[in-house]
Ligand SMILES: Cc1cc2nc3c(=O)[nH]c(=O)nc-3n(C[C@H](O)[C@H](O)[C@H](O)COP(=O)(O)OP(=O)(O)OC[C@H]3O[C@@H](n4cnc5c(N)ncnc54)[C@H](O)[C@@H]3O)c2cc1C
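Single chain ahead, by itself, as structure tokens, in the form predicted on its own.
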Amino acid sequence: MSVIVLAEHQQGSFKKKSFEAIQYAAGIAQAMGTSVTAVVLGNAGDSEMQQLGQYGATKVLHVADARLDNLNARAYTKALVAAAEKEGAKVVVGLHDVTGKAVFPRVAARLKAGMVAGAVAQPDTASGFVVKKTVFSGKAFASVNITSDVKVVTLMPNTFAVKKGEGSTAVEKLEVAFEDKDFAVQVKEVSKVTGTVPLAEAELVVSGGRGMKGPENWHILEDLAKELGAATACSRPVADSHWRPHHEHVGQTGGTIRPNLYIAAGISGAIQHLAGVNGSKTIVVINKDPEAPFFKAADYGVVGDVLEVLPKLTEAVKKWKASHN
């Protein structure tokens, strides 16, 4: 009766968010007096899968079908349901990301399970199975008690720090009887951004808005991001104006991120943008308008022209790094 968790990977490489999901599942397993089984789909190396034991998995079920290397919601659902049934799982855990949003509602329906999407805390099992999540675009929290026999929970990425332990885990092959219709939708090509810190994985993010005044000034923001080792992001008007690529757009209609530090440069702070970033641990706002709404959500604020403030901030970071080497 183990807790099942989907361990996502890219070309066999497991990312921080997968380790976080496994640790979250391990917390649930400990409260329930059971163990964690990680499910890996597609091609992945045994040594990489065995290392999942360092984050709390006691077993790995590997569905080694190359067609699963790219997201296929129908096939992923079938594989996870097969794993859950094999293990007699009462809890299935995933991430509240692109894969999780496409797959886990289907898994819940197949298992006749209650589901909470976007959990931000370990479930309270003292009196039921109560899961805390954000509501109203992150403006409030809700506590949801899942009363069904089987429960499905997806975790908001970058909610907990990842702690690496010791040891490894056994890997078992899981055969799933796929049909041609399971792969009726096929991925023909995948284009991924390389050479930068992925926004979903980033712990530090520097983001720009219309206050940057044009794409020709973006190097100022990128200089700060480079010194901090941060990812870059932008508001929707910037992406719509083609100053920056769409994958950098964060907000209600873009990506949702939860970095440890979010620096907003020249962004007014419309509610749609806040919905995508208000899970950040610390928010720093730089804006020349002292009445900008974003200041109400900020932990720290600087009133000033971003084109003047950012270079000074970059120099300050350089000096700090030089004095601490």
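Bear in mind that the values here come from a model prediction, so they are computed numbers and not experimental data. When you see a residue number, it is the position in the sequence shown, counting from 1. Think of the rigid core as the biggest set of C-alphas that the two forms share within 1.5 Å after superposition.
Only in words, not in the display: the form predicted in complex with the ligand, which the text now covers.
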### Task
Work out which of 43, 30, 272, 50 lies within 4.5 Å of the ligand in the model of the complex, going by heavy atoms.
272
### Of 157, 251, 100, 123, the one that lies within 4.5 Å of the ligand in the model of the complex (heavy atoms)
251
### Task
Please run the contact check for residue 236 against the ligand in the model of the complex: heavy atoms, 4.5 angstroms, yes or no?
yes
### Query
If you check in the model of the complex, is residue 289 within 4.5 Å of the ligand, heavy atoms only?
yes
### Query
Is residue 56 close enough to the ligand in the model of the complex to count, meaning some heavy atom within 4.5 Å?
no
### Query
At the 4.5 Å heavy atom threshold, is residue 259 in contact with the ligand in the model of the complex?
no
### Task
Tell me the stretch among 222-230, 74-82, 206-214, 138-146 that has any heavy atom within 4.5 angstroms of the ligand in the model of the complex.
206-214
### Query
Are there residues in 144-171 with a heavy atom within 4.5 Å of the ligand in the model of the complex, and which are they, in order?
none
### Message
Given a core-based superposition, decide whether the C-alpha of residue 252 shifts by 2 Å or more between the shown form and the other one.
### Response
yes
### Message
Quick check: residue 33 between the shown form and the other one - does its CA shift reach 2 Å or more after fitting the rigid core?
### Response
no
### Message
Quick check: residue 70 between the shown form and the other one - does its CA shift reach 2 Å or more after fitting the rigid core?
### Response
no
